[in-house]
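Given as structure tokens, the chain that follows is alone and in the form predicted alone.
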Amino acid sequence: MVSKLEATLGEVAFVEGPNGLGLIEVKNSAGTATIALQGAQLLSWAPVGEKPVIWLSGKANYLKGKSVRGGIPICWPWFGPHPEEPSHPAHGFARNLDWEVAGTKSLTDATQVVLRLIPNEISWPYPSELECRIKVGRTLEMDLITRNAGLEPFTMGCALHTYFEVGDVRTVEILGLEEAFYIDKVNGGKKRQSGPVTVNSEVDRIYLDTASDCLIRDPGYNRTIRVEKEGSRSTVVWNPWMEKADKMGDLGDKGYLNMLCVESCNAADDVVTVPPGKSHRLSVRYSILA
């Protein structure tokens, strides 16, 4: 472990979180973040001098084998329910397993943490390797790399299930999805977006064939968050709203008003086939516009 920390001494600390959950705390001159070894889940990120950008529920449960409510859970190798086996965990198993630390690195005004997971044959029959690279600074950059180590292609879905902290979701606008078609998982059917996306009731949508940036305009916090991505062909917008949030139990009192998920995905019609010996990279960069 020491060799992995030589370049980041003073920037990276390994600590024990609630219920023994292993955490990585990152702090440098540009930003701070907390990462859970379970699921390689980023739990928090804030540039220095800014409010938190990533939302984490104050009522979150830190349980073995279950992702923490908030942050950026990793969905892999499918998004949502398994297409054939409903007993399999929603959003795949990668977010529920412990990842190993492959290394850390000090960069100019940033710190990089690399985590790795090799799925076993029971959970995923295809020889493969997952790597998550997280770069913490004034911006947050995440790469989810899927490598096919086998002799046959496989098809997978993936997502960075990002919870953003907002002042009041009812006043927020999402730009960048105008005119895109989406699957409406609340009311059913496929529809076309007209104008910016707004949230005034339960929203659960998969926007298809969307590779463009998204801007989250938040007048409550007087800021705009930019989400830039590569290797993603779909975007999910989700907020459970009051009734469903109350049933979930770990969103906190009126927590749904201060969170909004804008997720960079390959889901539904936009799943990815990875050829033998090749890899797929989902890259997302989060920043606050001046």
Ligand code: BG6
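Note that this is a predicted model, so its numbers are computed, not measured. Start at 1 with the first residue shown and count on from there.
The protein also exists as the form predicted in complex with the named molecule; that form is not presented, and the subsequent description refers to it.
**Student:** Quick one: find which of 45 to 53, 236 to 244, 222 to 230, 24 to 32 has residues within 4.5 Å of the named molecule in the predicted bound form by heavy atom distance.
**Tutor:** Of the stretches listed, the one contacting the partner is 236 to 244.
**Student:** Answer for Asp204 alone: is it within 4.5 Å of the named molecule in the predicted bound form, judged on heavy atom distances?
**Tutor:** Yes.
**Student:** Quick one: does Phe79 come within 4.5 Å of the named molecule in the predicted bound form, counting heavy atoms only?
**Tutor:** Answer yes; at least one heavy atom of Phe79 falls within 4.5 Å of the named molecule in the predicted bound form.
**Student:** Could you confirm whether Arg147 comes within 4.5 Å of the named molecule in the predicted bound form, counting heavy atoms only?
**Tutor:** No - in the predicted bound form, heavy atoms of Arg147 and the named molecule never come within 4.5 Å of each other.
**Student:** Taking the named molecule as it sits in the predicted bound form, is Lys185 in contact with it (heavy atom to heavy atom, 4.5 Å or less)?
**Tutor:** Output for Lys185 is yes: heavy atoms within 4.5 Å of the named molecule.
**Student:** Counting non-hydrogen atoms within 4.5 angstroms of the named molecule in the predicted bound form, say which of Ala102, Ala211, Ala90, Ile118 makes the cut.
**Tutor:** Selected option: Ala90.
**Student:** Counting only heavy atoms, which residues in 261 to 277 are within 4.5 Å of the named molecule in the predicted bound form?
**Tutor:** Read in sequence order, the lone residue that approaches the named molecule (within 4.5 Å, in the predicted bound form) is Glu263.
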